[in-house]
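The data below hold one chain only, encoded as C-alpha cells and taken in the form predicted alone.
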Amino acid sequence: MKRTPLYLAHKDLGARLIDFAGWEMPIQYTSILEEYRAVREAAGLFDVSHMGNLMICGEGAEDDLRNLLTNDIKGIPEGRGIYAHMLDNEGLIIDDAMVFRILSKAYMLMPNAATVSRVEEWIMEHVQSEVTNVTDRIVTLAIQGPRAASILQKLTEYDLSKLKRMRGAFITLQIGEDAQAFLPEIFQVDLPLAGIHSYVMRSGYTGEDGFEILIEADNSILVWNAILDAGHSYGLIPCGLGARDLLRLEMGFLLSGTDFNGEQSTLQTGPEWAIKWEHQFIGRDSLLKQRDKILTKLVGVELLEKAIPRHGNIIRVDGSNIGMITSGTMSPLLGKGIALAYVNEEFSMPGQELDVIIRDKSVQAKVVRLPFIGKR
C-alpha cells in the first residue's frame, strides 16, 4: 500500500489504519462519532493526500478542460474552482473532481485516489496542454468545521474572510523562519514572506466551512503539527476517513467507486448543475440521447423505522425489486438511517414510499431531497 508523508504522524497519534484505494489511511484516531462531532461543532483536521493532483498548463488549457468536463470553466477568474464530471465517449463517469484555476494558464485538477492513473491517461489522450502529475509531491490537508477559519487565521497574515466558497489563493503560513516555495518551477509566484508557501482553497467534503491546503510533501509534518497546536484550544482534533464518510453522506456527496463505478452517467447521479449543456464536451452527445430514456437515478432515502441501511441492500416497491443502496449509515444529526440509492426513475420523486430489505426484514423508507441535513 502507498503511504502519505504523514504516515508516521498518524501512527504516533494512535490512528487505526486501513487500506483505502491502495493507500494506508487513518479510518479513525479515537472514535468515528467523536471525530464527526468535532467537525460539526468545532473543527477537524484530515490528511487527504491520497487524492490526486494533476496540473494542466499552457495556452490551450482552458479549451482542453472545457472539452473534458461536464461543467464549464470558460472565463472563470484566477482563484476560482468548480466541481465537474469527466465522462467517456458513452457518457459514463470516469471520475468526479474539483478543478481550480490557480494561475492565468494553470489549472489544478484533483481526481479521486483510485482513478488518478485512469484520469491522467484519459487527459493525456485528449489534450495538447502540458500535463504534470504532482500527486507524490503534494500533501493535502483539510481543516473543516465552524471554527476552521479562526484556527487557520492564527497561522497567516492573509485575511481569510476574503476567501469565499470555492475560491483559492497562494498563502504563506507563518511557520518556521525561512521561506519555503511551493512547487516553484511550476508556480512562478512571488511570495516574499518568511514561512511555508501553500495554495489554500475554501472547499471541502463535509458540508461545513473549511479549507483544503496544498503544501509540498517535505513541509507536511511541520504544517500538520502547527495546525493541531493552533486548534487545540478551539476543540480541533485529527479525524479519519470514517468521520469523513459520515459527514459527506449527510450532505449527499458522491463517493467514487461506491456511488458510481464507471457504469453510470451524470444524468443518473446528478447533481444537475454539474452539466452545462451550452458547451461541447466528451460524452455530451451520449447524454443527450439518454435524456428521454427511462434511467435509474440516484436518490436520497430516509428510513422510517430504526435500522441502518448498508451498501447492497435491495429496495422494493409492492414486492418488486426497483433499486439498490450504494451508501448507507445512521445519521448522528438526524438520528435516522439515511442512504444513497439507485431506483427506477418512476420511483425517484421525493415522498415515494419504499421498502429497504435489511437482514431479510422489510424496513419502511421514503425518497427525500438532498442534502439530508440541509446546506451548512
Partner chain sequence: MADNIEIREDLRYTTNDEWVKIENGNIRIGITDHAQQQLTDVVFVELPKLGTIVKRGDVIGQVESVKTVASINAPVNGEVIEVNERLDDLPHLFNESPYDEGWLAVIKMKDSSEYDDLLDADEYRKKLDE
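Residue numbers count along the first chain shown, from 1. These numbers come from a predicted model, not from an experiment.
In what follows, reference is made to the form predicted together with its partner chain, a form of this protein that is not presented.
- Taken together, the three residues Leu13, Ala217 and Ile221 all stay farther than 4.5 Å from its partner chain in the model of the complex, as judged by their closest heavy atom.
- Taking non-hydrogen atoms only, Ser327 never approaches its partner chain to within 4.5 angstroms in the model of the complex.
- Taking the partner from the other structure, its partner chain in the model of the complex has no heavy atom within 4.5 Å of any heavy atom of Asn67.
- Shown alone here, Arg310 lies within 4.5 Å of its partner chain in the model of the complex, counting heavy atoms only.
- Using a 4.5 angstroms threshold between heavy atoms, Ile275 stays clear of its partner chain in the model of the complex.
- Residue heavy atoms within 4.5 Å of its partner chain in the model of the complex occur in exactly one stretch of 26-34, 48-56, 314-322, 345-353, and that stretch is 26-34.
- With the partner omitted here, the residue from Ile138, Ile143, Leu246, Met201 that has a non-hydrogen atom within 4.5 angstroms of its partner chain in the model of the complex is Leu246.
- Residue-level contacts in the model of the complex: of Arg291, Lys162, Arg165, Lys306, one residue has a heavy atom within 4.5 Å of its partner chain, and it is Lys306.
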